[in-house]
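Take a look at this single chain, the form predicted alone, given in structure tokens.
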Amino acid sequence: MKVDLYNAMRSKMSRRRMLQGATALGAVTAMGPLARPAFAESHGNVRAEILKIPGVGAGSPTDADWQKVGEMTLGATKANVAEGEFAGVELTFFGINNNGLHNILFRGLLKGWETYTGAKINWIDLAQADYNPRLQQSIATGTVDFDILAMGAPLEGDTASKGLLDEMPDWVKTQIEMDDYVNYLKAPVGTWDGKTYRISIDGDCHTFAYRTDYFGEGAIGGAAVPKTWQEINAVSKAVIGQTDPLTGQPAVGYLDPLKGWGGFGFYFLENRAAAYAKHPNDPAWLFDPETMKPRVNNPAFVQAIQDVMDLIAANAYPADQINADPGTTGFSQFLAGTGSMLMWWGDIGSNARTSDTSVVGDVVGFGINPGSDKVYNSQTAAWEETYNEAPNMAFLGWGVYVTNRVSGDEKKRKAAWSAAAHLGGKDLSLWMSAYPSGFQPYRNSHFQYDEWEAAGYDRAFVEDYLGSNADSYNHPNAAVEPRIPGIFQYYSVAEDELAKGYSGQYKSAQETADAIAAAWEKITDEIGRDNQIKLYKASLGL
């Protein structure tokens, strides 16, 4: 949805009504030039049938379920590939295996594809904290040893800019129905120098999840759900010493991850910082776009770091939170009933209702990244006492890419793109959005509430969950991830310095932020400041 259209609609409509409009828009998109009446009927049946596997409330999907879903969504593949066409082809797939998903899930979903096409896939599985170091090492040493890569758009600066990726064939764009993507994932995301390299399999923005039993008249967290980070810190301090209404354990407010996660953990400080630092009149917030001077040590980021330090000092976190990474806060704490507020990628919503590990499915609500009652204007170097909100478009979603290792072998190249297209298929994507997969809704067609209800979700939950995603994607002041080389070098070193600050090795939030800024300046100089300025400005549309 275009920003001007969104603004016009938002001024006249509630979020629920706006999403109903988005649903209709998605339906219109689906009836575009790629749609055919006969195909559409069977297409709809496939979607309904796969959403019954295993059915919401029937426990987490198993490997057998993944295989069944993968087989039932092979129709688009069979239209482009003959049975046995890739016999003898072996491909290597590089990705993560968080919580037994991502690569582990892909194995099951691709099992039927391998059987039909005759190709074989070998797997490189990595923990999230190990993913970026391994990828960067492969790039730096020229030892890229994989044909298919699960990767986020921020890393296109490290891969596409260096010619390591294979350009997407046009038949793939048709097979996966790219026009169905939500607008913020369309070009330039997934492209470099005008060429398309990415099949999106995820949306990725951070949304706010909270426990509904902590809020309301007489509830321990107060009458209203917090809307600002100032209110979140106040609630987190207020519930200290009280009892969790669901588990009977000590009540906990907001869950900040205080341990790094291979660079991915920096997004969680960004959630706080975005509300303070992303001014509506300025597209930049991480760096000055004219100089690449870091803004990570300006008063806005320092305030965000101070917020976390204040909760550490107040003993507001669970014990040993200093060793809790984002995976811990999302899956071992929040879904398991520890803590009442969390920022995470949107898929925490589908996990709340369909994961065996979740106990909060009936008492969870959603919203966009909380705002702030003040925002820092970097252009005037002054705070403005006004409400500000800025959803964090963290990582721009996972995508599947094909590397240039296959570019000289047409049979292998087609096989690699066919496997990637199967994982990025329209019907398969709906199932991955509705069940634990590590991915969140990212197509206009994902916002058709009736399909979710038929799978077993209740309407109010679906509208709340999907609404938090759509409102973030379409927000006019979204903090959009920059696609520049080395972005995870910046994030990784920031995590290291934050860990020192949280453990008391630095004297203050300002000193912690200054250490991050100094490290970022070195990275920029090593990569090349002029080129970084050029690419950063381009990523901001300047």
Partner chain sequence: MSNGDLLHVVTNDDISPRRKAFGHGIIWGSAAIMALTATLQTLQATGHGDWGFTTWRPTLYAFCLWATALCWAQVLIRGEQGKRTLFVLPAALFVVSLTVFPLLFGLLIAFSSWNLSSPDGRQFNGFDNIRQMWADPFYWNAMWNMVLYTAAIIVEYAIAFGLALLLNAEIRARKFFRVAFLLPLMLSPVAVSWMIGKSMLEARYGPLARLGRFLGWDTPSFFGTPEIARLTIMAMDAWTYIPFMMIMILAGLQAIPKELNEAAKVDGANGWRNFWEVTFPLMLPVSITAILIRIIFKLKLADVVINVTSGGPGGATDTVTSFIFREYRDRSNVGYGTLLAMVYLVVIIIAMTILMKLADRFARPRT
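Numbering follows the first chain given and starts at 1. Bear in mind that the values here come from a model prediction, so they are computed numbers and not experimental data.
Keep in mind the form predicted together with its partner chain is missing from the figure; the text below concerns it.
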query: Stretch in contact, per heavy atom within 4.5 angstroms of its partner chain in the predicted complex, of 127 to 135, 460 to 468, 441 to 449, 345 to 353; finding: 127 to 135
query: Distance check, Q489 to its partner chain in the predicted complex, heavy atom within 4.5 Å; finding: yes
query: Partner contact for D158 in the predicted complex: its partner chain, 4.5 angstroms, heavy atom; finding: yes
query: Contact flag, V493 vs its partner chain in the predicted complex, heavy atom cut 4.5 Å; finding: yes
query: 4.5 Å heavy atom contact, T291 and its partner chain in the predicted complex; finding: no
query: Triple contact flag S332, A499 and Q505 to its partner chain in the predicted complex, non-hydrogen atom at 4.5 angstroms; finding: yes
query: Candidate from N80, T338, N97, Q306 lying within 4.5 Å of its partner chain in the predicted complex - any heavy atom; finding: T338
query: K162, K173, K237, K186 - the one with a heavy atom within 4.5 Å of its partner chain in the predicted complex; finding: K162
query: In the predicted complex, residues of 515 to 531 near its partner chain [heavy atom within 4.5 Å]; finding: K522, I523, E526, I527
